[in-house]
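Next up is one chain by itself, shown in structure tokens, the form predicted alone.
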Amino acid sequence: MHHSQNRPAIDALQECILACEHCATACLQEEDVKMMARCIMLDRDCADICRLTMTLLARGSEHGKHLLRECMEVCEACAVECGKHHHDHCQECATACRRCVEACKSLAA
């Protein structure tokens, strides 16, 4: 599959990576960092799986689509966790993760 067909998912993956990286960094600045530990861990996992998925899709790898299911699972978990917190960075991350899930679902279909 040519990478241009993957463009909407690639864009959503990139936005998700940026949101997760920002969220993890901002969570580390919160007063009660221990309370944010699961959020930070999921942010990092999500950014990593999105980065790998995006890279494979961008190069048109035949293996890119295999990662979509796992990527959607991690993004959904991250969205749920971030959605529990009222910080702007967490809410923005949850939104980006949900958009990423939808874009990946569309590509996987």
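The first residue of the sequence shown is number 1, and the count goes up from there. Everything quoted here is computed from the prediction, not taken from an experiment.
There is also a form predicted in complex with a further copy of the same chain; it is not shown, and the following applies to it.
Peer 1: Does a further copy of the same chain get within 4.5 angstroms of any non-hydrogen atom of His63 in the model of the complex?
Peer 2: Flag for His63 set to yes.
Peer 1: Is Val101 a contact residue for a further copy of the same chain in the model of the complex, using a 4.5 Å heavy atom cut-off?
Peer 2: Residue-level check for Val101: no, no contact with a further copy of the same chain.
Peer 1: Using a 4.5 Å heavy atom cut-off, state whether Arg59 contacts a further copy of the same chain in the model of the complex.
Peer 2: Contact with a further copy of the same chain, yes.
Peer 1: I'd like to know if Lys105 sits close to a further copy of the same chain in the model of the complex, meaning any non-hydrogen atom pair within 4.5 angstroms.
Peer 2: Judged by the heavy-atom cut-off of 4.5 Å, Lys105 is well away from a further copy of the same chain in the model of the complex.
Peer 1: Give, in sequence order, every residue of 23-58 that has a heavy atom within 4.5 Å of a further copy of the same chain in the model of the complex, or say none if there are no such residues.
Peer 2: Heavy-atom contacts within 4.5 Å come from Ala24, Thr25, Leu28, Gln29, Glu30, Glu31, Val33, Lys34, Ala37, Arg38, Ile40, Met41, Leu42, Arg44, Asp45, Asp48, Ile49, Arg51, Leu52, Met54, Thr55, Leu56, Ala58.
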